[in-house]
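Included below are structure tokens for two forms of one protein chain, each presented in isolation as structure 1 and structure 2.
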Structure 1
Amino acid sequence: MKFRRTLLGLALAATALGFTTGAVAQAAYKSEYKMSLVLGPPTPWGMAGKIWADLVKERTQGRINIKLYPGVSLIQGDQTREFSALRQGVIDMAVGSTINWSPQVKELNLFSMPFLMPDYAAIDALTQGEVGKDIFARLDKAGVVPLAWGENGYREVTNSKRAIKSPEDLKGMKLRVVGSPIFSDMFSAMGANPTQMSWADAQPALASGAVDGQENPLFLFTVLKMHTVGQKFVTTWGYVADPLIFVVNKEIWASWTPADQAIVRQAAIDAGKQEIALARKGLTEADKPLLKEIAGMGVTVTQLTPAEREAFVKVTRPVYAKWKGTVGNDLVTKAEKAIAARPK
């Protein structure tokens, strides 16, 4: 009797520790897991990776140890190959932008559709609702394990030439855009001269003046001090915002115990929440301190009036219509409805 109780006690303790009968097969943990990121700390994106890795290490008592590879260095900076590399196991896990994965997962172009999401509540209505669930189901089918949402942010346009207030001002302007076709379509429709390149190539191109401008969330402007490479004009137009997604390679995921999987998932959710707050800092307060900080660097910051913004919406409508079909009419319609019904 006593012996049986001891056995039962041992079994319960083993279960509590996450050792199940399958644990023998699952025990082959790697000494280190590779996490891919485009931007490293101190950007919010980089912090997303760092917070996630730190929480996982702490909560698994070091069983899962993650190293950060910013600059998508595991794939030599070629960010639009990140999703394939994740699927193939070249990368174990990532916090990635919907933009960089959209060449492989066309539904992710949803977030790059021009002027779809007018405010932060609209982003949340998608990522935290049914549309977010649909996208996660799609990612799961595409071969990765999606865990949580983060945010890169609203992509505002900067340049070295002039203040942009109307599509006219963009005429012939050479702008670096990400290597995802919808961006070339949008900037061509606006009359600019878009050039696709990776973020690794964009930085020297800005410094040498090979391109006149670029678009990215504004925290990057201050972190990189873009005014020192001639970026003297910023226009906030809120045309596109890219969420980030926390994912793990499927084989790696399957190699972890259910208890560790739960820890990694919850840590991603917690890190995502913290990171979204960081990404919005300075932009959600009424006086937008981040814009003031940038103006303080001697930069002309132009905030479009609703009428000025409308002119950009108008010229990009054909691009919206074209990509609605590519992303999927049902998904886009669902997104439009979720945004219309968002709490304001």
Structure 2
Amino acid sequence: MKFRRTLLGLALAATALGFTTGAVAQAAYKSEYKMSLVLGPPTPWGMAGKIWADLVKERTQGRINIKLYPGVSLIQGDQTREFSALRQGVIDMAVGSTINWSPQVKELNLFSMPFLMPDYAAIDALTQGEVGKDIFARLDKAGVVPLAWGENGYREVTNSKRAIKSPEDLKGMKLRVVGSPIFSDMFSAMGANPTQMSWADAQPALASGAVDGQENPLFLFTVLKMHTVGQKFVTTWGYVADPLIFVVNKEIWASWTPADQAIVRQAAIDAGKQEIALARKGLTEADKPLLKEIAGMGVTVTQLTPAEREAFVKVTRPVYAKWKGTVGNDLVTKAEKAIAARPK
């Protein structure tokens, strides 16, 4: 409210002095805007923020300057508070995770439905189609301005014990999972012992053997050198993917001129396209060079056959059915139809 009163005061003063509306808005611009990120460069997620910030600064000729705050440092590293902080104005803008924001916006759990998206074309069918528009409308209603999609990637499972080729291989295995209830439900259904903890706590737990494994996009395996904390086995199963979303706080958005809003939106779209290509690099090529790089670290990489993957699909169907109602039956059905109709 204080921010709005300040803008109103500036507008009244400027009107009295005969300034234009554009000059009023520009006078109200902050010298620096705070962008929240979980990961910084050189990860694809971090690069999403950097590319967006650089494009905005260049295209607005320095009117909008953005500083990156990786590690969700604006909220003491608590990823689960990021969306609330965005609505409250603690954070001006963010490139955020559908998983991290799903406790506040239940529809975002769509992307964590087990084995919903079998390939990258399926992800695109959702984010770039009517489902994506529906989710953006829901985010707008929840109090932020969504602009574009990015991607954190498919989450693959790693561990220190054995190659995972069937649900039986997960029996009793202690795995670190993110703090979203659907992940605990999935891994419990597969017979594992899921443990929710922050990544800061997970790394020493993996190194000591207190936790056997974890699940994350594969670019993190190489960036964080996970083979040095006992992760000797990788299974690519593509059970869920985590799209990223470029958003701006509503009051900040309203403080910009329509021309600058258009610039920020297009910069987000352009940055998202570049970031998605970075996130998929090494995994979409025929020889999957990222998997070769990981194998070169002395790690056993297992790629499931369709039949092996189907065993995991079958055992997690009760979880899928349970969460379909939570996410929204109509939205999930629309997603299923969009994926079935995707180009293959």
Ligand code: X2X
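When a residue number appears, read it as a position in the sequence of structure 1, where counting begins at 1. What you see is a predicted model, and the numbers here were worked out from it, not measured in a lab. So that the term is clear: the rigid core is the largest set of C-alpha atoms that superpose within 1.5 Å between two forms.
- Task: Would you check which of the pair is the form predicted alone?
- Result: The chain shown second - structure 2 - is the form that fits the description.
- Query: Taking the rigid core as reference, does A163 move its C-alpha 2 Å or further between the two structures?
  - Reply: Comparing the forms between the two structures, which are aligned on their rigid core, A163 does not shift its C-alpha by 2 Å or more.
- Large Cα shift (2 Å or above) at V90 between the two structures, core-fitted: Shift of 2 Å or more: no.
- Message: Relative to the superposed rigid core, does A210 relocate between the two structures - that is, does its Cα move 2 Å or more?
- Response: Comparing forms between the two structures, the A210 CA shifts at least 2 Å.
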